[in-house]
Ligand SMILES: Cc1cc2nc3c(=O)[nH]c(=O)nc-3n(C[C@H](O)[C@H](O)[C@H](O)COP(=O)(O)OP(=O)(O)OC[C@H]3O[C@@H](n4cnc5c(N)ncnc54)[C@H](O)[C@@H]3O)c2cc1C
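As a starting point, one isolated chain is supplied in C-alpha cells, in the form predicted on its own.
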Amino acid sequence: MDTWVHIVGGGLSGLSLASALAKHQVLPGPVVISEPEPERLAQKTFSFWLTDEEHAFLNPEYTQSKWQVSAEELTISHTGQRFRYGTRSGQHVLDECQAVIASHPQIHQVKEVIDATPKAEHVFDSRPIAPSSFRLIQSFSGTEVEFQRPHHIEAVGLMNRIETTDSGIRFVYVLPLGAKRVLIEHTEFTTKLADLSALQSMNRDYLSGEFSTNPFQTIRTESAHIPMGFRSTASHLGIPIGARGGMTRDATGYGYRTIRYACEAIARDLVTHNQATRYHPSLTTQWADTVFLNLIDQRPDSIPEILLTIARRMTADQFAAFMMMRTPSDVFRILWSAPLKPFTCALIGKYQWI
C-alpha cells in the first residue's frame, strides 16, 4: 500500500506522533518514520510541570514539588501544591515509544536521511533547524553525575545565579535525579551561539566547588542550541512539528508537555477525519514571549530583576502555570506580577527608559 503518513525525523515529536498513532489498532494505511540516528534522543533530558491527573500520560521518571530561582544574594523558593516538576531521560522516552511502535504492524522505522518531500498522503517534518535562523538562542551544556553519598538537593534550581552577559543572560540549572544523581547545566539565553565547551567547563567548576567533599563520577554530558523564536520562515517537507512547528515555547524552550498533547491531537484528527492542522501557539503566548525576547535582546540587564519579581509575587502553582503559559489568564498574571517600570517600557518599546 502507498504510505499514509510519513514522519521525517525520529526525535521527541516524531516518535510522539508515531506512538500516538500506534494506540489505534487499525490505521488507514502504513506509517513510516525516517531517522538516520534514532539513538541521539537518548542523550537528551526533558522536564515539564504536571498535575497528578497527567502523570500516567506524561510519564515522568522523577518528580519534585520544590523549585527555586536566584540571583546574587536573593533566592525565591516555591513548593507546588497542584503542580509538580517532572523529568524524563531521552532514553526513557525512546524505549517507551519504540516499544509501542514496534508492536504495531503498520508502523515502520527506517534509518535514512530525507531531504526531499516523500510521497505520502500526509507528511510531517520534525527535522532540526539550523541555528542561523534562530531569533535568539538558548545554548546549554549539561553534566550528569553520580555521587558516592546523597547530595541532599531538595529543590530544582530552575534558574540559579542569574547574571547578565555581553549578549544576554546566563544561569545554572540544577536538577536532582534521585538521591545520588544530579544534572548540572549552565545555560545562556543569548543573541549569538554560546561556547558550549566553556559552559561545560563551568559545570566542572560548579561541581568541584559545591560538592568538594562528596566524590562523584560523570555519567554523561549533553549540549544543544535551542531556538527562541525564528528570524525567518523555513521551508518544510510537510506539516512542521516539534521545535520546527513552534511546539517549544520561545521564551523558555520547554516543549515536552506541548509536544505530547499536540501529537495526540494530530493523531486523533488523522485517524478520525484523515486530516491534520498545523499547531499554533496562542496569540497571548506569542505576544508575551515576544516582549521577553525583546528584553533579552535590548536590555538583558533587566531580566534578573523581572524574573525574581515575578517569582516572588506568584504562588508556586501560578509560577508553574506561567512557565507553561496554558491560558490567557496566565498572561494577565504576568502583567500583574512583573515590575512596573521595565515591563511597561518594554510594552511601549522604550527600552532606553528602563
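Treat the numbers as computed from the prediction; the structure is a model and nothing was measured. We number the residues from 1 along the sequence you see.
What follows is about the form predicted together with the named molecule, which we do not show.
Colleague: Which one of these stretches, 254-262, 208-216, 68-76, 193-201, sits within 4.5 Å of the named molecule in the model of the complex when only heavy atoms are counted?
Modeller: Selected range: 254-262.
Colleague: Asp95, Glu146, Glu112, Glu163: which sits within 4.5 Å of the named molecule in the model of the complex by any heavy atom?
Modeller: None of the other options qualify; the answer is Glu112.
Colleague: Of these, Ala316, Leu41, Val31, Ile303, which has a heavy atom no more than 4.5 Å from the named molecule in the model of the complex?
Modeller: For this set of options, the contacting one is Leu41.
Colleague: Would Phe171 sit within 4.5 Å of the named molecule in the model of the complex, counting heavy atoms only?
Modeller: No, Phe171 stays farther than 4.5 Å from the named molecule in the model of the complex.
Colleague: Even though the named molecule is not shown here, does Ala18 get within 4.5 Å of it in the model of the complex, heavy atoms only?
Modeller: No, no contact at 4.5 Å.
Colleague: Would Val123 count as touching the named molecule in the model of the complex under a 4.5 Å heavy atom rule?
Modeller: Looking in the model of the complex, residue contacts with the named molecule do not include Val123, since no heavy atom lies within 4.5 Å.
Colleague: Indicate whether Gln286 is a 4.5 Å heavy atom neighbour of the named molecule in the model of the complex.
Modeller: Heavy-atom contact with the named molecule at 4.5 Å: absent for Gln286.
Colleague: At 4.5 Å, heavy atom to heavy atom, what parts of 46-62 sit next to the named molecule in the model of the complex? List them in sequence order, or say none.
Modeller: Result: Phe46, Ser47.
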